[in-house]
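The chain that follows stands alone, in the form predicted alone, written as structure tokens.
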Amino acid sequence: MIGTGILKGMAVTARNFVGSYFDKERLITVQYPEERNPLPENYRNFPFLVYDGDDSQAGLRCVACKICEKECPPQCIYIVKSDDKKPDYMGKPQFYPKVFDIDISVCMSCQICVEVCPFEAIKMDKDFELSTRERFDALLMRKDDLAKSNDYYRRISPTDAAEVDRKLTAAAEAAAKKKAAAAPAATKPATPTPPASNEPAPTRASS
């Protein structure tokens, strides 16, 4: 019959139109910013730096190895390594980034910096409300702007954060066991060797 497809399409449109008044799942428009759709866990926007503890500077996991800076395709990461060292979250003296900048006006959210970081120090954020009136300086994120706590990372990416915490905990336990095993060997006194005797060795009598 001619026009059957049009009638079926109009029926679907009418059903969705009427259903939108009763079923919230049929709503197409979200009343932003009062209402927001939940972001999927694998959503990524721009990088941020993870720190442990309460101090955003002392707890930074980054050791300024500059791998992310070298691997960044658009070259939007700029790092200056410190001249001194300070204890990291595990108490081990490490270098730290004196300067860590990311130009998010250039960043293409490729996540390569996250994948190459050996210290789980840089992750992808979900914050997309970053519009500003300025085009350049306001989009240059400094170290203080990039530093966010591990608790924040757990909230936005609970699955990935749990896996990272498990890996870091296992590494810390392995390092502690290795240190504990090496300590007794270092403190164990050496066995003294008996002094050489000047007396001749006894000879066996022949029968």
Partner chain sequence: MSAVIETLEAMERPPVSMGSRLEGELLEVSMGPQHPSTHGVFRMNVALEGEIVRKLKPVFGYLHRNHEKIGESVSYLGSMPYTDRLDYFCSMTNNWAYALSVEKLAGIEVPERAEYLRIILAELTRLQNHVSLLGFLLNDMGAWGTPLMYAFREREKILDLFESLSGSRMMCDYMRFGGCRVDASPEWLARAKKIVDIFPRFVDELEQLIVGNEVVIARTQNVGKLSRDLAISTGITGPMLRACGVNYDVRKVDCYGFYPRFKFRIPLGEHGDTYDRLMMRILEMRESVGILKQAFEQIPTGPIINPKVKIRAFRPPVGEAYGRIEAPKGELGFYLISDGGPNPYRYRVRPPSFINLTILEDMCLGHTVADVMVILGSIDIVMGEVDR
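Quick caveat: nothing in here was measured; it's all calculated off a predicted structure. Positions refer to the first chain, counted from 1.
There is also a form predicted in complex with the partner chain; it is not shown, and the following applies to it.
- Taking the partner from the other structure, the partner chain in the predicted bound form has a heavy atom within 4.5 Å of a heavy atom of Asn42.
- The partner chain in the predicted bound form is approached by Pro74, whose closest heavy atom lies within 4.5 angstroms of it.
- At least one heavy atom of Ile67 is located within 4.5 Å of the partner chain in the predicted bound form.
- For Cys110, a non-hydrogen atom is located within 4.5 Å of the partner chain in the predicted bound form, even though that partner is not displayed.
- Contact with the partner chain in the predicted bound form, judged by any heavy atom within 4.5 Å, is made by just one of Asp127, Glu115, Asp84, Glu134: Glu115.
- Stretch-level contact check against the partner chain in the predicted bound form with heavy atoms at 4.5 Å: of 42-50, 150-158, 170-178, 135-143, the positive one is 42-50.
- For the partner-free chain shown, nothing in 151-180 comes within 4.5 angstroms of the partner chain in the predicted bound form, judged by any non-hydrogen atom.
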